[in-house]
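The form predicted alone is given below as one chain in structure tokens.
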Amino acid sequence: MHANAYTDPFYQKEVHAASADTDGMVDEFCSRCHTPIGVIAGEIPPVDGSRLSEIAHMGVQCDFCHTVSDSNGTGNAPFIVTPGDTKWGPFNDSKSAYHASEYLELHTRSEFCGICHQVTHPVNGVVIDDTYSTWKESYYAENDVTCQDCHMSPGITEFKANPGRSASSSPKRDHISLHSTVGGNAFVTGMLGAEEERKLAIERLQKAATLRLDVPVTAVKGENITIEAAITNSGAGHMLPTGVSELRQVWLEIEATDSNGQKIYRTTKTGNSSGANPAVIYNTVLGDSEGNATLSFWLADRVIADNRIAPKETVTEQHTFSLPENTAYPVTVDATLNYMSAPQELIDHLFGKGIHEVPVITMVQASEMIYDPDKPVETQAEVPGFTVPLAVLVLAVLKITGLYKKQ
């Protein structure tokens, strides 16, 4: 994604729309992160790339990051670069036959990533991307876990050493940072045909959260029952979702189905005419100068709502429904936490309907069962089409006998 920061088709559609809406005011602002060499070389504006050199088209590439020699803080790309024969990096004993090497502590800290991964509106100061600042306030920062520990190591949600050499003539080290720097973008990576990075993005999303589902062991037909689903941001060192979070969508789908396949209760992202209830969507809602919600962050001057999940935070949803008289026990309650990089309607608007499909990524799932209160649970352990795992059966028995207490 860094290599394609400028050529990313989604970014290109967005930046051209932003340029048109602001009469070019954000051309250089956006480009400082997406084609920093183009900005430094004076090749932006115009934003259409008509003056960009070949190297500037390469987005955030090797030579740019390793000519960053300092920074005037974090956010909105306040980098200081020193192009030339000296390259800066995280090792204090690097030697190269091709160029001079200098150690820069900044390369070892999250502040390096925060140069670009913290964005405020250039006119009104509304926070557009708070990836760095929410990390800074988190458990991870308190325990010296940096962005690089998760995004430049094989560990996904924790640091894991990657022994090796940075070059054939370099000394063997305990850890060499991976430069795929994968986040959660399984949409654009798919558009670009970057299959390995797409798979890694999905894996990262599937390790970002955990889900606990609490349902009553038994329920009487016709009476209201309440289930609880607890979502924990257990693996992301920033908000879930993060980045341009007015576009990102995380939501929980609940489905209760009886043993005959009858759908008793459902939630979907939008709800529908067949009786599904709209799910809670976790993201940021930005507002324009008139207070209307907007997906165009360049037009935003306020945050209308923000219900994202902070690092290590748990949010709990309650869902209440009743079992109809024709319910066939047992009832299976499934919960699925989903993720989309952007609303399908926006992609259809930008590219045309049917051109690109935004994948729905299943992050985590949980399932529980509700049994007939008039029969022993153990006799309902196996019903045609259903096999109750031993752990579920044991938990059900413990709940009934009172030996289980919700933690």
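Keep in mind that what you see is a predicted model, and the values were worked out from it rather than measured. Residue numbers run from 1 along the displayed sequence.
Quick note: we don't show the form predicted together with a small molecule, though the next part is all about it.
Comment: the small molecule is not present in this chain, but in the model of the complex one of 204, 269, 266, 308 has a heavy atom within 4.5 Å of it, namely 204. Scanning 182, 333, 300, 219 against the small molecule in the model of the complex with a 4.5 Å heavy atom cut-off leaves one residue, 182. Contact here is defined as any heavy atom lying within 4.5 Å of the small molecule in the model of the complex, and by that definition each of 110, 129 and 235 is a contact residue. Using a 4.5 angstroms limit between non-hydrogen atoms, residue 319 is distant from the small molecule in the model of the complex. When contacts are judged by a 4.5 Å heavy atom cut-off, residue 230 does not count as touching the small molecule in the model of the complex. In the model of the complex, none of the heavy atoms of residue 369 sits within 4.5 Å of a heavy atom of the small molecule.
Contact annotation: residue 198 falls outside 4.5 Å of the small molecule in the model of the complex, judged by heavy atom distances. Residue heavy atoms within 4.5 Å of the small molecule in the model of the complex occur in exactly one stretch of 282 to 290, 116 to 124, 210 to 218, 252 to 260, and that stretch is 116 to 124.
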